[in-house]
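Presented below, as structure tokens, is a lone chain in the form predicted alone.
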């Protein structure tokens, strides 16, 4: 057994008696890996515990808490998943008061697969594996090396393949609007393939991801057209950091720029809707 997997198993076994269940990954009967709620009533389920490939779990927590708001849960999180639940907490999508985070530190290979700058957890009290430094993002760096004209042509070539399947929106843990603008005919026309320019679907979604993207890269993984859309979200995240000094998932207390109001020429922070 992989050393990290064995260490994670031992950690879960220690935590499981004190919670109602632990959200992690499990190999199902078909051999696929998917989120699973491990329960103390069914210890044999831990035989299927898995750690790779990763799977977006923050939204699993939201769905469970919606059905069982008082549940006391443990949750296995990588760095990006931890940032995801932190941002969801700030937007009142999850309650972390009864949640015990178990941090799973990524290996260098896993970090390189995701081109991750922060392949480690920062808030989990229990951790498995040794944290490593972030790795470069050659895809985004290659894009930045292009001229303005080359960048425009690049996106034209990439986005013409979009079939508007909504996979990137559906998989994203930060897409939780009650009414989605991407389904509003006024903003995103239906029945057009390839999408006409300007690509309103991607422009609207990029705007909505401002100060919300946690760099999990699930949008790229789910895209059937292999569009490297994480580039734009990561560049926007850099602009937000430069303009507001804000980084997603870093602090539990610092409120996102979306919750700022302009008053007397200065930004003031508003209260959270908890």
Partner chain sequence: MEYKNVLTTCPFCGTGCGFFLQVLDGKIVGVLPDKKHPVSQGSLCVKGWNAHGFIYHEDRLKSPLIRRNGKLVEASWDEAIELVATRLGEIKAKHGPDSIALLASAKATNEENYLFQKFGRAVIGTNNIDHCARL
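The term rigid core refers to the maximal set of C-alpha atoms that superpose within 1.5 Å between the two forms. All values reported here derive from a predicted model rather than from experimental measurement. Numbering follows the first chain given and starts at 1.
Only in words, not in the display: the form predicted together with its partner chain, which the text now covers.
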Would its partner chain in the predicted complex be within 4.5 angstroms of a non-hydrogen atom of every residue among 7, 95 and 252?
no
If we take heavy atoms and a 4.5 Å cut-off, which stretch out of 160-168, 103-111, 86-94, 122-130 is in contact with its partner chain in the predicted complex?
160-168
Hey, in the predicted complex, is residue 71 touching its partner chain, heavy atoms inside 4.5 Å?
yes
Taking 4.5 angstroms as the cut-off for heavy atoms, does residue 221 touch its partner chain in the predicted complex?
yes
Residue 241, heavy atom within 4.5 angstroms of its partner chain in the predicted complex:
no
Since only the chain is shown here, I'm wondering whether residue 56 would be in contact with its partner chain in the predicted complex (any heavy atom pair within 4.5 Å).
yes
If you look in the predicted complex, which residues in 27-57 sit within 4.5 Å of its partner chain (heavy atoms)?
28, 31, 32, 33, 34, 35, 36, 37, 39, 53, 54, 55, 56
Using a superposition on the rigid core, decide whether the Cα position of residue 44 changes by 2 angstroms or more between this form and the one not shown.
no
Core-aligned C-alpha movement of residue 29 between this form and the one not shown reaching 2 Å:
yes
